[in-house]
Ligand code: NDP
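Just one chain follows, in the form predicted alone, and it is written as structure tokens.
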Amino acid sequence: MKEPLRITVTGAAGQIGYAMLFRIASGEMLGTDQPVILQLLEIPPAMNALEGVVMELQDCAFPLLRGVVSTSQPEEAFSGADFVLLVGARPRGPGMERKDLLEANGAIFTGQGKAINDYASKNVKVLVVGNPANTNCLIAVNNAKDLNPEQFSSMTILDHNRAIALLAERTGVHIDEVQNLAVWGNHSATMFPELLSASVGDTPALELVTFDWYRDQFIPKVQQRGAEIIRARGSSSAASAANAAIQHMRLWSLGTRTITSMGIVSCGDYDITEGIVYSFPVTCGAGKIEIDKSRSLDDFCVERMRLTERELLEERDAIKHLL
């Protein structure tokens, strides 16, 4: 049996954390031959709820679960961590502007970036789930001064999965037949789910749907899916977000040659501003995320990519004092 790996989850008593932890402990994230130790971080008022989650984990008697740490202290939660899932974040409250939300979360992710830098494994992989995920990731990256920016990413696989499911439904195929779709930019209402490079089976996707549907229905539907779910169930996506986070870490760790979407620190590919956290079409191999650089994009794509880039630059400028 392998040595246990330490997995830190913040906001572990919340809905996404709760939906995630049991699947991680069962081996869905890193494989059924990989023991894990869960290190769970919560704010002090949620510690009682977290203890209940720990009791449930114990009651499942997972063979791969070799220990659980529950704490409100970042230095304890991040100690020796091999994988970190930053789920906990301040939600937008009544009357809050986006800049207020960025500022409130800035303090959280500044501290967590520094704690990861000081206490986690030097080979740690960090996924930011808590919104606004791209800019929260940017803050964490810039406060983990001794780590490589390639060790950080933000989650857009949920948006990628939503786009695949919507296109498969529209074209009447199983999701396995949808290939090479990508989500570009920010995890927000400006994200750009791109179909120019996508195919359904052996057929280019845009030969099977009209451009009007693509522009006027598909793109807004993907962009607004989170809000649609909130209206329907009265709270935000939890199970699907947890599923996407597990999928993201599994692909990053174990590899995939299939195109997916992840937010990473831009190095200037596709002329996207260096240094911002931007979602690209990627593959994974040997524990690294690699951008698919083979795409030919038309003016419509470039316009949409620039729109979401501008929003990320505005967010960066709003929290530049934290970087």
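In case it trips you up, residue 1 is the first one in the sequence shown, and so on. These numbers come from a predicted model, not from an experiment.
The protein also exists as the form predicted in complex with the ligand; that form is not presented, and the subsequent description refers to it.
**Q** With heavy atoms only and a cut-off of 4.5 Å, decide whether residue 224 touches the ligand in the model of the complex.
**A** Judged by the heavy-atom cut-off of 4.5 Å, residue 224 is well away from the ligand in the model of the complex.
**Q** Under a 4.5 Å heavy atom criterion, is residue 112 part of the interface with the ligand in the model of the complex?
**A** Because a heavy atom of residue 112 falls inside 4.5 Å of the ligand in the model of the complex, the answer is yes.
**Q** Can you check whether residue 117 is within 4.5 Å of the ligand in the model of the complex, heavy atom basis?
**A** No.
**Q** May I ask you to check whether residue 277 falls inside a 4.5 Å heavy atom distance of the ligand in the model of the complex?
**A** Residue 277 lies outside the contact set for the ligand.
**Q** Does each of 170, 196 and 281 have at least one heavy atom within 4.5 Å of the ligand in the model of the complex?
**A** Contact check failed for every one of 170, 196 and 281.
**Q** Name the stretch, out of 151 to 159, 246 to 254, 199 to 207, 173 to 181, where some heavy atom lies within 4.5 Å of the ligand in the model of the complex.
**A** Among the candidates, contact is made by 151 to 159.
**Q** Do any residues of 1 to 19 have a non-hydrogen atom within 4.5 angstroms of the ligand in the model of the complex? If so, which ones, in sequence order?
**A** The stretch touches the partner through 10, 11, 13, 14, 15, 16, 17.
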